[in-house]
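Same protein, same chain, two forms; see structure 1 and structure 2 below, as structure tokens.
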Structure 1
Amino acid sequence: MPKIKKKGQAGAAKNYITRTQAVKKLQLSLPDFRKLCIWKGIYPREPRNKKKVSKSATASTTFYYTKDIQYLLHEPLLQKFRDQKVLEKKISRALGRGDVSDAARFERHAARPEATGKPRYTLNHVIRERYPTFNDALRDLDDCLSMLFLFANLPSTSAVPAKMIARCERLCLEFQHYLIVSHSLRKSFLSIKGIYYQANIQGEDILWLVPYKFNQRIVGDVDFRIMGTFVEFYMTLLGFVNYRLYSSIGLKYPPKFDQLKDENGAELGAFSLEGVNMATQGETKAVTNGEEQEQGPDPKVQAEVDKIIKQLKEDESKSDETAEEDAEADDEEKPTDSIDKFEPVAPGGDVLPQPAYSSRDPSQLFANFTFYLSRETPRQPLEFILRAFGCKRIGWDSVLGEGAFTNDESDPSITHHIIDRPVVQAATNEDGDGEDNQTAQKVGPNQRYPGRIYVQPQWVWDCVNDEELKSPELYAPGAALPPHLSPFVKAAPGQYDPALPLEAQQTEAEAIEADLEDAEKGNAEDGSDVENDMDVDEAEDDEEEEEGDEEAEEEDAEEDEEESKTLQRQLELEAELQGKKVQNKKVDSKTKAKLEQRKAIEKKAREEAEDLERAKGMLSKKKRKLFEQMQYTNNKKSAQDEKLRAKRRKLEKEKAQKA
């Protein structure tokens, strides 16, 4: 006889532990237990059978793995929590006795670790435990960044202390600086919730959401204690991630932070990045917006060093240029498929619309431009994105804070002006405007500086997402903007994609169909002229066709012939009814080829369908049904896409006719 097993000694009853049991085992208070679980990454679990686990009559709701909790017993943080608990007890006892001053003293001493010798704790060791490799940390950065950017934009309350907010903001700005320097921002999307950003760091795609400024309502049904615990953990994490990222590109962490500038709203401009070994490099990379660096070790030495570096750089760029020129010369010699580039003649001149695909580095998309942000535009995201894509000089209205390249709207070096206000319907003489602008400091509501491109903010986002400069006319102030599409949605093959040109997405059959239609229309317009010639042609063609078809596919040929015959007859009948002369179907050689192509495609499709039928026969009934359903939905979808494409074709045609 086997040994009789007692109930509750093995299996689920041993593997799981209820929350109350866990709290008792660790001798913690419930809030502290929650904190510890969040930091150590211990999540609630679910046993298959709850009744088998808990012995109590009342249903326990939360369970943990016993082993996890057992492991928590080794956690050094536990001691800190217990110390805190002891302190709480001391204080509450003193308060209960009425010794308020004693209570205050206890608290004071605990808050001053230098007096008590008990340091406050950090979460440094937890970071390494939770994320054994740096890539693990990067993978969890989505949540971290979204959380910190959100908290950086919250108003301070008792639940969210101002210190925490400031810290979050700082960490976020530091991270943005890394993205700017390393050009690792890839995409961005303006949604109704906030602004999405996607960056690629060491091969990991990181996506996070940043709220719009001044929009955060604090609602009651969010547990700030839990959120705060997460934020504390994530602040530590992002600190380490920043350190690693900065050191990976040879920068010193933390970067220099100018309190005064920050108070004046400089944001990104409040930081100045430094290389790790200042002595050898003697160079401070700062987001200076083209200004001179104010502080430095010694102005004289600095100037000399700068000179040398400048020379070196110039040499480099020269060599690059020469290399490019050589390359260009090569290009000229042998014709290639690459598209010509239109370079502005003078630096800072008009940006010419670039051809569709450019081989330029997308990270230097805005490198040659000087932007000016009008005061109604969101400065923070624009500044960040423009800088991340290579822009060096950004000016803005002084309302938007410090750190601008220029606050002067009339600065002649500005090439792009981002504006988001409606066009005022005031009659102004266009010719007069240009002259006025030259002299007047302030411009009127609708007046523009000449030689500068005015665009709405969406232009920046669309350029970034498509990795090319979009034509600015579409985004001119007052123009109806093209839809802002999500860069994260990849259109499935065959699906209608409004961003692509029609040629790139239509199926072969559709294209041919469209061409044929065009041809027919053309025929209807000027059919009679060529009628006679075509008669002969068609006869010949028919003969040829028959000869070719005879060997390979007799059936098809017969069918086709029948079809054409019936078609012909119908045409004749129609013509008779209308009292016209019989018009032979006019087929020039091009159309002919198209027709043949169509036939081939149709035939191919038919064959494929047959194959499918045959394959379907092999499937089990269940699978066949499944397959049929899938096919049905796919067909429905593709029919919809086709319809959409046809609509667009029609629109385009109309447009072409108008033009």
Structure 2
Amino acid sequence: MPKIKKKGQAGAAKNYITRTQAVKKLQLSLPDFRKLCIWKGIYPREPRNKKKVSKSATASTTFYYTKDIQYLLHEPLLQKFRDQKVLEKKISRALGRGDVSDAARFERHAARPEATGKPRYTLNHVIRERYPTFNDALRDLDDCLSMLFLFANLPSTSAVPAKMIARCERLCLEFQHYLIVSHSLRKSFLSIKGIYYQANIQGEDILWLVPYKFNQRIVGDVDFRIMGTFVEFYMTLLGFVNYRLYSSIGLKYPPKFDQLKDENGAELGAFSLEGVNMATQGETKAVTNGEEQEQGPDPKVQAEVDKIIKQLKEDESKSDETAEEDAEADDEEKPTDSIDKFEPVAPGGDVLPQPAYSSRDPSQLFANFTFYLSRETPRQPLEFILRAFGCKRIGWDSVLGEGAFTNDESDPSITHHIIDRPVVQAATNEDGDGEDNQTAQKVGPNQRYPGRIYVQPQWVWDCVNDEELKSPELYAPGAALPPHLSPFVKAAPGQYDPALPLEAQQTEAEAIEADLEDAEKGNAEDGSDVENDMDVDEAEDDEEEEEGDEEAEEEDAEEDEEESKTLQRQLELEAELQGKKVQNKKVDSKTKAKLEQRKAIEKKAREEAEDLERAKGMLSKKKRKLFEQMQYTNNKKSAQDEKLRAKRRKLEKEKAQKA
């Protein structure tokens, strides 16, 4: 007799377990169960058939894999949670008996982080389990950085303690120091949500979001307990990553931190980096803002280096003699230093990017400049980006905090002044000549220092994204800035691109429509329209059409007459509704040619649509539906692009009229 299978002992019912059953099996509270699942990376699952999985009469909504819950049974954090639960029971019993001394004793020995600063548990083993290799941790660093930068800008509340905020801020600043020293930052973008940054670390592209430095308002509909659980895990992860990154470039971790400078708003300037000298068995040498301090070389090491250099020079002299003999013997063509060019084999082939000599290192884009930041500019992101791209001298007003190269706005060494105010005026003498002496400048409020480049903050971001210094005239104070486009989105062929001129993107039909609208507006302004009572006569009716012998021409003429009649009738109805007189429109030769081109384009579009409908009839039902979905998506994108082009055309016309 075969074995009888009981319900719920095999199949999907055995593979899944409800959240209530999981909590009972682990003997945890629901908040601790949520914490454990978030840290271990275990999330709810959606079974195919909930009726087969559910073992009770009531419908369960949250299911987990049974194997995942069985895996949690061996987690060391379970014992920590249970010990905490036992301690809380002891304290509650002591308070219930009225024994306050015992409750206070239990409270003192609870090792709470709020009281003693010592953690009850660590997540180091969880980090090692979830990320076996360092590249795995780098791939998961996007959400980590976005969350920690968010909490670093939050105000302290009961749900978000001040210690957590300070820890997040310190970890983020340490990570920024690594990006500055290693020049790993690649791109940045200013958006409504905040500032996006992209860095390349050991071949992995990392993108994260940093909110603006505004006063954040804490709302009640956000569960900060769940977010705090993620932050606790991400703080441990970023600590591991920072240690590995600092060690990879020979820096000591954690860097020295000056609490007094941090309280005065130094932020990045509150840290002093130290490099580990591998040749001297762990001795350290100080590093200031990525620049090593000068130290004397070891005499033993220097003697060995001199011997090696002497041997290399002897070998070079011998090789030069042999090379001269070979050159005299062989009269072959000498290789040139010119770079090869990639040319397409067939006409119309793909044009490959041509190689070129690198004239400028993007990581040292601002190395030769000295910047001064005005009070109204965002100091923190500008300082980070400028230092990450080679700038060592950045000054700002003393009200923005410590750590500046100079607080004197009239410093003659300043080459670029980043300002976000209205137009400033240049200082002039009594004779009216501009002051050129950089050592003796007397500039009043809202006036410009001669010999200094004034730009708006967007200039820094556009230079970084394009990897070249943009023209400062386009970003002068008070000037209309060019569009700030996202460097992470590449324009597809045929898609609207704000960087290209409008004439290179618009279709032929759009160009003709725009020309016709301009012609109509020009005729209305010139007052060339002659009013009649209720008669509409078009210019086409004034000119007699030549009779053709071909039948096709006659059919086209009949279609034109029908269109003119319908247009005449439409104009009459509009005039009656508005109570105005109908105007007699005279069309010149250029406008008439545009109208004929529009008719030809419309006729061609109708023919193509008819051919497409006939071709669709040859497809199967499945392929026809797929093709129609593709058509719908393409038409939707085309309509959006057309709206953007029309909006841009309107703005350009308004700008031209004002000019």
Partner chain sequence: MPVLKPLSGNPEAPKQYNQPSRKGKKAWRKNVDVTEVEQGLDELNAQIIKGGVIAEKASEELFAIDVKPDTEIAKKLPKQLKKPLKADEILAQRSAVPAVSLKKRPASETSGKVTDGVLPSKRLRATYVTQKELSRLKRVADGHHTTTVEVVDATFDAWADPEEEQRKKQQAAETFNFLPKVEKPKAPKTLTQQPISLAATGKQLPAVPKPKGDKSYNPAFTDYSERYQEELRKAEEAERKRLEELEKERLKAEAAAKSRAEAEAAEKRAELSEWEDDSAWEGAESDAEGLANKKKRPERKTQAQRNKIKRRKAEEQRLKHEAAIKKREAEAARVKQIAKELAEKERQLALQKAESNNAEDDDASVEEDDDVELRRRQLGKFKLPEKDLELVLPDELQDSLRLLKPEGNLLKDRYRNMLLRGKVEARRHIPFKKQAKTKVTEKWTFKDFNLA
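Rigid core: the largest C-alpha set superposing within 1.5 Å between the two forms. This structure is a prediction, so every number in the text was calculated from the model and none was measured. Counting starts at 1 with the first residue of structure 1 and goes up one by one along its sequence.
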**Asked** Which one here is the form predicted alone?
**Response** 2
**Core-aligned C-alpha movement of L626 between the two structures, 2 Å or more** = yes
**Asked** When the two forms are laid on each other by their rigid core, does K594 show a Cα shift of 2 Å or more between the two structures?
**Response** yes
**Prompt:** Is E46 one of the residues whose Cα moves 2 Å or more between the two structures, with the core superposed?
**Reply:** no
**Fill in**
Shift in angstrom of the A605 C-alpha between the two structures, rigid core held fixed, comes out at 17.3
**Request:** Could the core-superposed CA displacement of D641 between the two structures be given in angstrom, to one decimal?
**Result:** 7.8
